[in-house]
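Let's start with one chain on its own, the form predicted alone, as structure tokens.
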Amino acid sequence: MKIIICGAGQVGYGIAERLAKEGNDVSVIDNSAELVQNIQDKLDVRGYYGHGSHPDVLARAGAEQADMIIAVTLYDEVNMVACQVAHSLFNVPTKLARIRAQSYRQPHWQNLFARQHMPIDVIISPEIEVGEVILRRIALPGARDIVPFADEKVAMLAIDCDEECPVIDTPLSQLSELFPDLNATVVGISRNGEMIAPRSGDQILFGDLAYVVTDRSQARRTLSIFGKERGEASRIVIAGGGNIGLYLCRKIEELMPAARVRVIERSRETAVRMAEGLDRTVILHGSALDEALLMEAGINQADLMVSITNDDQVNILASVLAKKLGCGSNLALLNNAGYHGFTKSLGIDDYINPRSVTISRVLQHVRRGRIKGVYSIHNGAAEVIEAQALDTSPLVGKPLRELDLPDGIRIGAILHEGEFVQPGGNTVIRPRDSIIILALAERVRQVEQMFRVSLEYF
């Protein structure tokens, strides 16, 4: 595919890196000559200096032949105009834009982005995406990651296999025998930095991070079997009251009426705005690194500390300090991938990489075939994909044991007429079934082919 990316910052760079690695023809536009030079030096992409919303710059970047434009500059209005120009002047088929201001997302303005007004096919809102990730982890605190598929009927859980895990050294085939009524399949294992798509005879080892696809209604039971039975966090301290913090607090007030939330925000102006827009949340003005203020927020009795300021180092230190003062667990927002490797050694239970969340959202629309959902895991080493089987798919009509799927691909769940089906050797996939499947990075193209028909080649 020929793809134009407007914005060469952290998000734009991450998207360009992933798409270029997969062999797409990628052009990147930015009004910072330094960022353009940096991305050209490090990635196999073309860089163009200028404003992504200017027709002449889009023309130089090849907009007339582009299949997709992804506008992820720091400015909502630039992203919106870039998509409008790409549509009106160059007829670019697919347009994605990052829009952060929630004013544009209000339900009564929803027609703004219709094709006849400002034609944007997909709106990417990092604040909402990250907020939803945090909400899922608050609801299921035993999981490192929780990703919904198939209209939330299926969940992918990332589970640490530590000393609490009773199924260590157990072959995966035995898990089915021990828990015959459990609709859960281990589709991936991260072990010593390597991503594996296991076979039924493989075992879970101490230190593994297991990726488990399960019936959403059995998510808590699945966590319990892996030794991660924990109650929903109800006493929460949040460091950082920006867009993510405000969205998160509003959703907690709406969905978790029993939860007690306190927010620590350094900016007085932001703290006042939050206090005016929330009902039950307590807002404290000051630094999340102030031990006295943390104690005033009740950190010693809190179930969870969520550190989501704009500063990675503050998020790390606030998380560590919270645990030292008695907080049950912590969760930090970390933009810099360089910090991810040593979070555990610092005492950080879990982190969120907003760039990874955004990339997963973009990949869903880059993948060809009947792909309905995509989630990138382990820094792009694998993807969990939801796709619909067509009559022509090679997966249809044969028992799974006869499909001879290549290494690096593992089916986690099948949805037949909306009902969860646990995949087994005798299971037969039917046309229009939804399949949740893990594919290592080098197998993603093969998975795309499984869910394509000749008419969809373009």
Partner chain sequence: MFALFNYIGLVGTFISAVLLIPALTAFGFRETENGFSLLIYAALGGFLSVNLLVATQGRGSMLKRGTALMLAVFGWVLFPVALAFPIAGTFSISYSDALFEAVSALTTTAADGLGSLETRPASAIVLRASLQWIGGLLTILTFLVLLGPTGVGGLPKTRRSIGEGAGRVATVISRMTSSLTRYYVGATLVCFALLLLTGVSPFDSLILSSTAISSGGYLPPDGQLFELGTPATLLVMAFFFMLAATSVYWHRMVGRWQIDNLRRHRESYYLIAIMAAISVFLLIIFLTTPGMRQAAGTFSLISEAIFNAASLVSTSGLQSNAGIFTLLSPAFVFAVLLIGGGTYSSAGGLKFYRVGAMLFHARQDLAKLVYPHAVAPRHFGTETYNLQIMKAIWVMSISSIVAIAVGSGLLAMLGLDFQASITASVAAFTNAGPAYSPDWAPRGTEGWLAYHEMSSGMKFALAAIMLVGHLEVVAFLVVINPFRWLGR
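Positions refer to the first chain, counted from 1. Computed from a predicted structure; not experimentally measured.
FYI, the form predicted in complex with the partner chain isn't displayed, but the following is about it.
Residue 296 is the only one of 311, 151, 296, 164 with a heavy atom lying within 4.5 Å of the partner chain in the predicted bound form. Only one of 276, 254, 169, 181 lies close to the partner chain in the predicted bound form, with a heavy atom inside 4.5 Å, and it is 276.
The stretch in contact with the partner chain in the predicted bound form, judged by heavy atoms within 4.5 Å, is 280 to 288, chosen from 204 to 212, 356 to 364, 120 to 128, 280 to 288. Not displayed here, the partner chain is kept clear of residue 115 by more than 4.5 Å at the level of heavy atoms in the predicted bound form. Taking non-hydrogen atoms only, residue 334 never approaches the partner chain to within 4.5 angstroms in the predicted bound form.
The partner chain is not drawn, but in the predicted bound form it has no heavy atom within 4.5 Å of residue 346.
When contacts are judged by a 4.5 Å heavy atom cut-off, residue 259 does not count as touching the partner chain in the predicted bound form. Residues 262, 268, 271, 272 are the ones in 258 to 274 with at least one heavy atom within 4.5 Å of the partner chain in the predicted bound form, listed in sequence order.
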